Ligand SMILES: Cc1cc2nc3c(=O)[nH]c(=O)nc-3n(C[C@H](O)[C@H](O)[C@H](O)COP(=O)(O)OP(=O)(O)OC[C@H]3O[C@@H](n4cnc5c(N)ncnc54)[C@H](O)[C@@H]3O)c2cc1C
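To begin, one chain is listed below as structure tokens, in the form predicted on its own.
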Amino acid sequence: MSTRDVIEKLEKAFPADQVLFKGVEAYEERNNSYLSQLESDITPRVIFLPKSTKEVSEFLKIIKPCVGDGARFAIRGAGQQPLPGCANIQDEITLDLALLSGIQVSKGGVSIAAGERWGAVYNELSKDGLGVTGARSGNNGIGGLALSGGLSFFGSREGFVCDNVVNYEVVLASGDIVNANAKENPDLFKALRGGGNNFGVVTKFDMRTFTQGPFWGGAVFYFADQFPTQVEALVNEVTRPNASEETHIMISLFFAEELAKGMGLNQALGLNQAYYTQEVEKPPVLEPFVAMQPQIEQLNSMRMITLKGAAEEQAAMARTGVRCAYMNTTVKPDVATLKAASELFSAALEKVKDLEGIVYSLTMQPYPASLLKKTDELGGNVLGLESATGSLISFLFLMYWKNRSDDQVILKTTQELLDQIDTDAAARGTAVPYKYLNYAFTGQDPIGSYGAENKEFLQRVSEKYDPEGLFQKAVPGGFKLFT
């Protein structure tokens, strides 16, 4: 039986508004709603939208017998990861979880269906004065972060997003619906904390909550010649033995065509996004990152803000439906390494800054030692980051552009930039193997970067819960375990 047979069975079992074909308005709306046009360029034969965990199970039972004849599918949550093919598939079936809805708040926790977005979660929790370790952008979906690691406003204090999941509801390759937590299927629980889409379809995430009021934060824009000083401030903060667990700081060097034209500044700018997660106005620990002069005062948004408001501000800075890609690497917090990376970025920028619609940025964001320490306290994950290594710095390379004809030049330029930075860091003894799965691009190997022991563990868990390899063979998108 082939993909055609699967589609015929889906048509018989489900109403037409859940089995969408090319040319139907609802199909076009869904397929054009990815963050990146690189994903929307891919056109599945059918988009299937289950309305319940049971219907996800039915789908897997229908498609599983057809895998040997070539049936394939992709799993989509919110579609916010720009890696081509990670949540969409050409001429096959995209399993779109958008209709799996529901947010239930209970004592000490919140249960979130896989089709929800973080903005809705924050809105619900705000009614009770609560927070959760979730995405910084309200547009982002749940699974992309909770299955890959995930940074949040509260990471320094609460740990990775995945470390704050206390239970995953998972549909296995067999169609069985199971829970994975510290007591039930604990090996699967650990594997899902960083293992991506390799073990099943996660339909619900139960997460820890905590009391959270307003906090101080926002964005500050300044001129690029001050970026080296910001690098020094960042390294100083994350390497302090008594570093605050209430801060979340990102420093970026970027160029945006629209902003450059609007302000008459044909140059890179600095952008700091800085947060102190208690209700303290102008905390001294953030002063090095927000008080630089000169800065672009009219763009300074530092203020007392709610979690919902902070996530809305982050979402407003992003774009959707344009060509977009991420790449990333990790280094030790060394001033010379970070300054070298910014200089290499500036040279690469000159090759792409004239592309239409360009936004090109390098963001440096810490994995503080306090965040890494939380992993052990909260039951462990498979990322391979140990608190003993001290704080680390993630480099995110973010790209937006308009034209498909520019794909090759921008992706090639950034891959070469990444290679140069990795080579430079290796020479300085500051390179770190880890690649964050949610920021990784084609050619990167986040699963391998977790280390041999963790990769072998993931492979064993896959063989136990998916012995026929459905999620390795029939779900080609994302990053697989046996390659």
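It should be emphasised that the depicted structure is a prediction, and the values quoted were computed from it without experimental measurement. All residue numbers are counted from 1 along the displayed sequence.
In what follows, reference is made to the form predicted in complex with the named molecule, a form of this protein that is not presented.
Candidate site formed by 77, 135 and 318: every one of these residues places a non-hydrogen atom within 4.5 angstroms of the named molecule in the predicted bound form.
In summary, among the residues 217, 131, 333, 150, the only one with a non-hydrogen atom within 4.5 Å of the named molecule in the predicted bound form is 150.
Contact annotation: of the candidates 223, 254, 276, 326, the single residue with a non-hydrogen atom within 4.5 angstroms of the named molecule in the predicted bound form is 326. Taking the partner from the other structure, the named molecule in the predicted bound form has no heavy atom within 4.5 Å of any heavy atom of residue 366.
Under a 4.5 angstroms non-hydrogen atom cutoff, the named molecule in the predicted bound form has residue 144 among its neighbouring residues. Contact check for residue 370: every heavy atom lies farther than 4.5 Å from the named molecule in the predicted bound form. In the predicted bound form, residue 438 approaches the named molecule with a heavy atom inside 4.5 Å. From the list 370-378, 82-90, 182-190, 333-341, the contact stretch for the named molecule in the predicted bound form under a 4.5 Å heavy atom rule is 82-90. Of all the residues from 177-211, those having a non-hydrogen atom no more than 4.5 Å from the named molecule in the predicted bound form are 197, 200, 201, 202, 205.
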